[in-house]
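Next comes just one chain, in structure tokens: the form predicted on its own.
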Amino acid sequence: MYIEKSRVEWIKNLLPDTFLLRVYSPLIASKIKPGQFCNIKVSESDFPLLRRPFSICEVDGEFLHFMFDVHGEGTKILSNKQKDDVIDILGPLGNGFNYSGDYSTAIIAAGGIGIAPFPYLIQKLADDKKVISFFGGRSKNNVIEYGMKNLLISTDDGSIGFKGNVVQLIESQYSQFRNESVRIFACGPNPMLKALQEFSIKNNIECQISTESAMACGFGICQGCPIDNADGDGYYLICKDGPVFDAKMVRL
């Protein structure tokens, strides 16, 4: 874990309120793994007081990419950064995806801005892994395709792709990969992750889920991001024990 003063290279829109930020951060870039995150101090002042957690979207040499939606004052400040601005980044944090091992097909399941950690994961997957990406959004105006591979799309209103949610889309395609050795990698809102958890357990498919929470410290000191374990008799900390968990380990 390091604190690095990182220089903004550029920031651009993917959608009206969705941004991709590129920063020069050679130390963290050399250490971070897919599924890990960084805590960013979005302002040089004391407002907002707390750092904001962001998944690593992509690593390009000594540059990091972060993908985020504007949904509060912190992300609004971050979206207004200019070239050569310096931001304070703490990372790498948490445990990422386990993408090594004996499986043939990687299923990427992303809901909304939950797509953020997957371009880097797809970069790192071995060439012998077949990748099928599933994305779910509210409508065609919410679809993000950045960094995806072999992408299938669902929308709640059916304005593009499959009409329904992303788990229903995966279920509709299940017959095409049910006889393959599959590992699912998922990130999105909790109702989506819960439905996918149930689907994967029912069909005996290995599934890793990236969970989300407000994370004040990012490394387990504040105890502010608990998630119940599957037995319900204890908890993990998302920032320290996650954010990526085996779907069988947690109660959503």
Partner chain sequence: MSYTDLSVNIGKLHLKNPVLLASGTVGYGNEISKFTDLSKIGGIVTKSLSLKPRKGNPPQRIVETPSGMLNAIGLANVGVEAFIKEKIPFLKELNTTIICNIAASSIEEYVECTKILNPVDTINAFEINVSCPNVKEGGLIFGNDLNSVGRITEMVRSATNKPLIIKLSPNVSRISEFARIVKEEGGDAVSAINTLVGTSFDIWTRKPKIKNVTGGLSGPAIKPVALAKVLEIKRNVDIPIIGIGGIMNWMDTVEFMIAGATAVQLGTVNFINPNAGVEIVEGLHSYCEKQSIQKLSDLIGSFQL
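Positions refer to the first chain, counted from 1. Computed from a predicted model, the values in this text were never measured in an experiment.
The discussion below concerns the form predicted in complex with its partner chain, not included here.
Asks: Please determine, with the chain shown alone, which of 185-193, 28-36, 210-218, 54-62 has non-hydrogen atoms within 4.5 Å of its partner chain in the model of the complex.
Replies: That would be stretch 210-218.
Asks: Check each of Ile113, Leu90, Ile122, Ile107 and return the one that places a heavy atom within 4.5 angstroms of its partner chain in the model of the complex.
Replies: When its partner chain is considered in the model of the complex, the option within 4.5 Å is Leu90.
Asks: Residue-level contact is defined here as any heavy atom of the residue lying within 4.5 Å of its partner chain in the model of the complex; does Gly234 satisfy this criterion?
Replies: Although its partner chain is absent here, Gly234 would touch it in the model of the complex, with heavy atoms inside 4.5 Å.
Asks: Considering non-hydrogen atoms and a 4.5 Å limit, does its partner chain approach Ile201 in the model of the complex?
Replies: So Ile201 does not count as contacting its partner chain.
Asks: Could you confirm whether Val70 comes within 4.5 Å of its partner chain in the model of the complex, counting heavy atoms only?
Replies: Answer no; every heavy atom of Val70 is more than 4.5 Å from its partner chain in the model of the complex.
Asks: Using a 4.5 Å cut-off on heavy atoms, which residues of 2-41 contact its partner chain in the model of the complex?
Replies: Those in contact are Tyr2, Ile3, Lys41.
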